[in-house]
Structure formats: structure tokens, C-alpha cells
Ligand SMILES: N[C@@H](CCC(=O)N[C@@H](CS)C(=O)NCC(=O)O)C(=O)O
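Here we start with a single chain on its own, the form predicted on its own, put down as C-alpha cells.
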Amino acid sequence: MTMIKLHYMPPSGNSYKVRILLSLLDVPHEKIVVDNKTREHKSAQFLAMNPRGEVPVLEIDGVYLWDSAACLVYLARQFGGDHWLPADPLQMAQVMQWVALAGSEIQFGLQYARRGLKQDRWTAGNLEQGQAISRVALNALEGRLNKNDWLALGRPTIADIACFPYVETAPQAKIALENYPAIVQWIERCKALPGWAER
């Protein structure tokens, strides 16, 4: 039997992505909270699992996956059949373009602006720059969700999970979601999925 451990921090949106899919797929796993106050994620022991010194880390029988997108891909293909991430190349690409958005404009805009405001730690740029990048992502999402319930393939996939956490917390980056009604409705659809993990 495969032994899966999730090393995570509860406030982390990237950790939340993995927790969502683990919950949706009802995958047995052990949760290990990484202590942010003691900067455990920068310790030698943690860096041996993830040289980036960040959460999450998904440990599978001693193999470490240290990027949330990689974790989602593994879980979707290992436990979700073709539903969450199809093997068909064109369908897979339609999902992965949104996963890529989560790692680009959503991260550099929404995530970094939120972290800057909450922790006074500005990784790249200032609030105004972060919000400008955020709006690129939010406009792309709103445009898609105006005519579609889900981001790819007409059903929930890891595209939705990858984008969800930092879009939901956009107000913490001082971006009002009231200006994005299709996104607001999508957030509610995601949270209504059976097994969706609480924050």
C-alpha cells in the first residue's frame, strides 16, 4: 500500500490545493504541519525534501514532490482516472494551461500581493504591480467563466483546483471580487463539490 504524507502549512494556498484534491479523491494520507514560526521549512531536514524551502511537499513512499502542480498531477493521474487530468494530449493541455496560469499571473499577482499585505514581505514588486498582474489573471478567468461553469472540458478538473485558493482570497490582496460575478459563482460551485476541503 502506498504511504502518502502531506507536509503543509494551514494558511498556505498552495498547500490548500493539494488538500482539496486529496479530500475530493478520498486518498488516505498523513498530514504533517510544518511550523512557520520556527521556520521549519528552511531547516536542513526540510530542505532535504524540498530545496526551495516551501510547502507543500507530498511524500510518496520516500519520493518527494515539492511543487503543488506536480502534486496535483500525481494525485489526479494516480487516483482520479481520466476525470481530473485526462491522458488525451489535447484535453490535458486544456487543463494544464490553467494550471500554468496558477503558477504565473495568479502566483505573482494575487499570491504575492496577499503575502505582501499580510506579512509585509514583498517578493516581487509592490502592491500596485501585484494588483495589475492579478487583474490579468482575473480577467482571463472571468472571460472563460462567463460562458463556462468550469475552466476546462466542461467539468471540474485540477485546473479549477490550481486556480482556486488565491482567487478566493483576492480580497486579501485588496481586489474586490464583486467586479467578477462569474468568478464569484464559480467559487461557490467549487465549494459545493462533494468532498471539497475546508480551508
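The structure displayed is predicted, hence computed values, not measured ones. Note that residue numbering begins at 1 and tracks the sequence as displayed.
Another form exists, predicted in complex with the named molecule; not displayed. Remarks below refer to it.
inquiry  = Please determine whether each residue of 116, 118 and 135 possesses a non-hydrogen atom within 4.5 angstroms of the named molecule in the predicted bound form.
reply    = No.
key: Position in contact with the named molecule when the complex is considered in the predicted bound form, options 31, 174, 155, 42, heavy atoms within 4.5 Å   = Comparing distances to the named molecule in the predicted bound form, the residue within 4.5 Å is 42.
ask   = Counting only non-hydrogen atoms, which stretch in 127 to 135, 23 to 31, 61 to 69, 142 to 150 is within 4.5 Å of the named molecule in the predicted bound form?
value = Comparing against the named molecule in the predicted bound form, the contact stretch is 61 to 69.
query = Looking at the partner-bound form in the predicted bound form, is residue 168 within 4.5 Å of the named molecule by any heavy atom?
reply = Although the named molecule is absent here, residue 168 would stay clear of it in the predicted bound form, with no heavy atoms inside 4.5 Å.
request  = Look up in the predicted bound form whether residue 94 has a non-hydrogen atom within 4.5 angstroms of the named molecule, and give yes or no.
outcome  = No, residue 94 stays farther than 4.5 Å from the named molecule in the predicted bound form.
task = Report yes if any heavy atom of residue 55 sits within 4.5 Å of a heavy atom of the named molecule in the predicted bound form; otherwise report no.
result = Residue 55: yes, in contact with the named molecule in the predicted bound form.
ask   = Counting only heavy atoms, which residues in 140 to 156 are within 4.5 Å of the named molecule in the predicted bound form?
value = Contacting residues: none.
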